[in-house]
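Given next, in structure tokens, is a single chain: the form predicted on its own.
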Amino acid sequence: MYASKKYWMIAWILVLPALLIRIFTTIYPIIETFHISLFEVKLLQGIRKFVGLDNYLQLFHDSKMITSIRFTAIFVVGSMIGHIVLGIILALILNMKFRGQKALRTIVLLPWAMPMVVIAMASKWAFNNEYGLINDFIRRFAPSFNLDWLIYTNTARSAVIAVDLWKDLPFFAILVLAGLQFISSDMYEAAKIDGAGSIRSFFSITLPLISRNILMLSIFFTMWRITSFDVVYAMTSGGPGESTALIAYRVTTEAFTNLNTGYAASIAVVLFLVMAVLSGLSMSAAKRVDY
């Protein structure tokens, strides 16, 4: 009994520093954010007044916030469809045997290895109407082409989604490729003997066997997309107008530009709750898919 108590005491002493750090860096900020969201906090005016749920009610009447929610939904859905479709195609190409296969895999990963802020800044220049790489390439086939991508809502949103897709698509594809390499070639040989073609083998063997990988990747990538901030910050600053302001970007502008800390905290709390619910639903769905 004494030995057991001593064992647990030593165990708690060893774990306690890590536990305190976790509480201080994770639990406390969450609780404090909930707390601040119940106040009207305006740093410049020195205002800190308890307003209850008023900050949350304001969310439903804030046209900027509604625009952010809409674009975040478009951004997440568009980006994930692109990741899944193009990621599978890229993974299938990388899974083929050809000379230079290893070199190509390394080159493909380069965009993922670069910081998003750097890519977003470079993309901002690439989409410029006068000296941008994109328009320069298009004008080689259509000399009269003239489009400033980042000053129109639809083209700016498309550009943001395209840059996000280009950045993380290689990483998604490499993880799908890892799943492809666990599929035995004997299964394809057996399918070939039975008369199945490439398309039938893909839908009957490949896709079912990597579906769990794709589902798990989709869950994590969706979470990352919902909290994306840097691509918009560096590329469009939420413009034109407020059309590309993602929810995470809205939190930052309210907190550090408008210094409306209480309202920013309420947006962060709602975002946290949405993420928690989606995580729970996603993990529940993942348990139902097993091959």
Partner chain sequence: MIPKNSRSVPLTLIIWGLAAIVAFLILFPLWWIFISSITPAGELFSKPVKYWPAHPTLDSYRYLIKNVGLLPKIGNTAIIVGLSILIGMIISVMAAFSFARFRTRGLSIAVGFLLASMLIPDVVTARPLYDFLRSVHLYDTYTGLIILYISGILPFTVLILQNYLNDIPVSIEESASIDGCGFFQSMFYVTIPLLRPALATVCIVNFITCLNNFFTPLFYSNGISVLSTAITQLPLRDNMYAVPWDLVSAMGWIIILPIIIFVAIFQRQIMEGIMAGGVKG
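As the structure is a prediction and not an experimental result, all values here were calculated from the model. Positions refer to the first chain, counted from 1. Heads up, when I say rigid core I mean the largest set of C-alphas that superpose within 1.5 Å between the two forms.
Quick note: we don't show the form predicted together with its partner chain, though the next part is all about it.
Although the partner is absent here, D136 lies within 4.5 Å of its partner chain in the predicted bound form, judged by heavy atoms. Residue contact with its partner chain in the predicted bound form: D230 places a heavy atom within 4.5 Å of it. Using a 4.5 angstroms limit between non-hydrogen atoms, F141 is distant from its partner chain in the predicted bound form. Not displayed here, its partner chain is approached by T106 to within 4.5 Å at the level of heavy atoms in the predicted bound form. Looking at its partner chain in the predicted bound form, residues F60, M80 and A156 place no heavy atom within 4.5 Å of it. A single residue from the set A126, V76, A191, I84 has any heavy atom within 4.5 angstroms of its partner chain in the predicted bound form; that residue is A126. Comment: its partner chain is not present in this chain, but in the predicted bound form one of A196, A162, L92, L209 has a heavy atom within 4.5 Å of it, namely L92. Residues R99, L104, R105, T106, I107, V108, L109, L110, P111, W112, A113, M114, P115, V117, V118, M121, A122, K124, W125, A126, E130, Y131, G132, L133, D136, F137 are the ones in 99 to 137 with at least one heavy atom within 4.5 Å of its partner chain in the predicted bound form, listed in sequence order. With the core held fixed between the shown form and the other one, A276 has its Cα displaced by under 2 Å.
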